[in-house]
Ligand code: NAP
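Here's a solo chain for you in structure tokens, the form predicted alone.
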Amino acid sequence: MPTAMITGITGQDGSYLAEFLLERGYEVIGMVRRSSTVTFERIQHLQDNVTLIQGDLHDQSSLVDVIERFRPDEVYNLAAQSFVPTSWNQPVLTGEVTALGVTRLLEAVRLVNPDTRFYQASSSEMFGKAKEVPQSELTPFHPRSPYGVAKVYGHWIAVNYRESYNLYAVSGILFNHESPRRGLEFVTRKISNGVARIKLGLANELRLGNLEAQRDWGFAGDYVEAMWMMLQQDQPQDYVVGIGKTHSVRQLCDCAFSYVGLDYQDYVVQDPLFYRPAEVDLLIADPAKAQAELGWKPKISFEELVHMMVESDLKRVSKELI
């Protein structure tokens, strides 16, 4: 039975990845930070089947202890301060976790068990003010937020450890991937939740920022399979993962509201409060390498994803009314 360790197991991607690995017979170790607030909602149904252990990307010794204790075959580093707007308010924290945390974890692997295969969650936000459209593994980075900058550091330190110490370390440059498990602060979930509340009479407007921003949105459950595939290759390489199609926030609103028979223009209000200090206007993946070398293809379309999220929030909000 192979052993995999997941940092960020309580997040959206961590929960889907844990499910995926358990189905394939892995022993799954989830590293969680000690907190007075329990945030295990996304993995509540998995807690009897995974081992949760305390550790922190701020603390080198705790990472060494975890690697020494479990000697995982695979490590998936999904933990981060991952909400882009927060990174402007907390840039130092974002750097400590999302950038230097990667170094601490890689160093723990190097010191204790260098045969471990390491996955780093990179991000399309690294491309930022994109130099070309679509973006591939060869597109230069131009991040437009402290989060994007931190992710660029994490990406390159993984490359550096691969080239300096011959570690099997790869980065998945994942474009926006969403699901009903996405946090309410993210725009996709903010929209699906807003649609549900408006449809059920609990709200009468939805305030959003830039409706013209365009993203390549896919289903998180599809993308965790690509993470696993990257660690099964003979040689470690980095891959861009995305749908290869772009939609604007406006189109997302139209799709979500029309699913429940409403016109988004009657409810959506553009609010300057939600504009970014430096906007990323257009991100779209070129996933040709992942499709050709990994054999990965998404199963859920953009429209299916949006409908799935709206349906889930309708059910959740309906329960609140009982």
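Each residue number is its position in the shown sequence, starting from 1. These numbers were taken from a predicted model, which means no experiment stands behind them.
The following text describes the form predicted in complex with the ligand, which does not appear among the structures shown.
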property: Partner-contacting position among K297, R69, H58, H45 - heavy atom within 4.5 Å of the ligand in the predicted complex; result: H58
property: Contacting member of V149, I157, V97, V170, with respect to the ligand in the predicted complex [4.5 Å, heavy atom]; result: V97
property: Interface stretch in the predicted complex with the ligand - options 192-200, 109-117, 135-143, 172-180, non-hydrogen atom within 4.5 Å; result: 172-180
property: V75: touches the ligand in the predicted complex, heavy atom cutoff 4.5 angstroms; result: no
property: Close approach of T51 to the ligand in the predicted complex, 4.5 Å, heavy atom; result: no
property: Partner proximity in the predicted complex: A226 to the ligand, non-hydrogen atom cutoff 4.5 Å; result: no
property: is_contact(A121, the ligand) in the predicted complex, heavy atom dist at most 4.5 Å; result: yes
